[in-house]
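The same protein chain appears twice below, in two forms, each given on its own as structure tokens and labelled structure 1 and structure 2.
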Structure 1
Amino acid sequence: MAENLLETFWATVADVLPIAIVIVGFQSLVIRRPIANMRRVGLGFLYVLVGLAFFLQGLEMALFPIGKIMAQQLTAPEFIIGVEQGSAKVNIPAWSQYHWVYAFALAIGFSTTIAEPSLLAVALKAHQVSGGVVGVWGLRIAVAIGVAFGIALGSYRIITGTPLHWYIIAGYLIVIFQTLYAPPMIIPLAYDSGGVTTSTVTVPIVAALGLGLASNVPGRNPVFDGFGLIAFASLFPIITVMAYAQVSTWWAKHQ
């Protein structure tokens, strides 16, 4: 176990290496000025590295195996149609028979987003910069609702086999329309929240769900239909974060 942890630590260091080279390079060659509180910053960087190593190793041990098995089991034909009918009648399940898949997509999308460290970082910064107007939990919950809805809708899309780009284009149109009416302060943050949602925790579980669906739903090809869930998970938070700001302003006006 200690060996795995160390391995994850070195992998994290390797990921960070390019960033470190860029920063150290520019710091020493271009800026030529020492960073303030160098020791504290260095210690903080070390905390981030060790923290991420523990975090990733822990996910690998606790969440990913069970999450992947669950995604596989929930999408399996035996679970959807039931064991006894499955072999007797070769019928293709209707999209509504996947109700547990949608429930799982909603729940896992929401809960993994709440645990996503990069979203927490952006929420802390936004809270600080906005002088407390943007709540840390308010933003995180708004984003999590967006991811939950996005992954559920993305699952529906894989099950029904409808073309991905129509959903994405429709989503973009909603974003453009909302941008016209949303408070200007929230717009850049809302756009950012689309990109931060899908990282360490969410992507592996969501990828397993997409792969499970694409390989188990009749007529889908895992190679071609498994993609697209991440795109959904990065689009819908933009909509929900703008909606969150719109509802908050409306609420403040009508209090």
Structure 2
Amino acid sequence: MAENLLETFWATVADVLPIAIVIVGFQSLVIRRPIANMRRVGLGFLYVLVGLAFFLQGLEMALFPIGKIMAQQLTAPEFIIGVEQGSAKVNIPAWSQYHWVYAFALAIGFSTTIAEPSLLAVALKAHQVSGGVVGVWGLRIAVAIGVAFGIALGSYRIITGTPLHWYIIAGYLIVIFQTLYAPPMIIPLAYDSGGVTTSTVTVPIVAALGLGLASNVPGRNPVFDGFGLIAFASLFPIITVMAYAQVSTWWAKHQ
């Protein structure tokens, strides 16, 4: 584990180094001013490197395996239809029998989004610049509901094997329609909310869940069916955030 952690650390250094070179280069050659608090900035970069190394190692040791294991267990025929393990006759379960998969997808989508650091940062800034009009918890819960529904719907798509593009086309048609009628202030925030959900906490476990489902559901191929959940996690928060603003505006008018 120590060797893997050291390898991950050096890989993180190689990834972060271009960012540091660009920032220092522009500060020195273009702006031509010294970096304020250079010691503090350097210490911050060191914290970033160590934190990313531990986080990436944790992904490999915890989040990726747990997503795969949960998908395997929830799609096992002996769990879904109650047959004994090793039974010779096993019927392929219908999509409606995977209700625990949908429940797990809802729960994991909501919980990972609430824990997403990038969403918290956006919610705090939105609350600050809007003068308190946009609530921190209101925005986080609206986004989390969208991600939860999107991942559950994406899990249904993987189980049934239906084409991904029809879901995405229908979803963005809803987004276009909502954009025409949503409060102008919330539209950019809603579009950004769809992006910040697909970050450090959500992506690893959602990707592992999708690949695990496609590997264990009969008739599915991980290459063709295992991906696409992250697209759902990006799309549906846009819908729920604009819906949250539209409902809030309607409620304020009727009050």
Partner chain sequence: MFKAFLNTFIGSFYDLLPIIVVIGFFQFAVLQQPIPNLLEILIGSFFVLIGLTLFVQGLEMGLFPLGESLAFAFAKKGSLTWLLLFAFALGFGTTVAEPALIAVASEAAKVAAEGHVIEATQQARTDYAFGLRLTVALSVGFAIVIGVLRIIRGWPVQYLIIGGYIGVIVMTFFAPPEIIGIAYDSGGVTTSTITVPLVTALGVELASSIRGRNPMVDGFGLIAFASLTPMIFVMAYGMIG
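In this text the structure is predicted, and so the values were computed from the model without any measurement. Between two forms, the rigid core is the largest collection of C-alphas that superpose within 1.5 Å. Numbering for residues begins at 1 and runs along the sequence of structure 1.
Novice: These are two forms of one chain. I'd like to know which is the form predicted alone.
Specialist: Structure 2 is the one predicted alone.
Novice: Could you check, with the core superposed, whether the Cα atom of Val247 shifts 2 Å or more between structures 1 and 2?
Specialist: False for Val247: its C-alpha shift is below 2 Å.
Novice: After superposing on the rigid core, how much does the Cα of Pro34 shift between structures 1 and 2, in Å?
Specialist: It moves 5.1 Å at the C-alpha.
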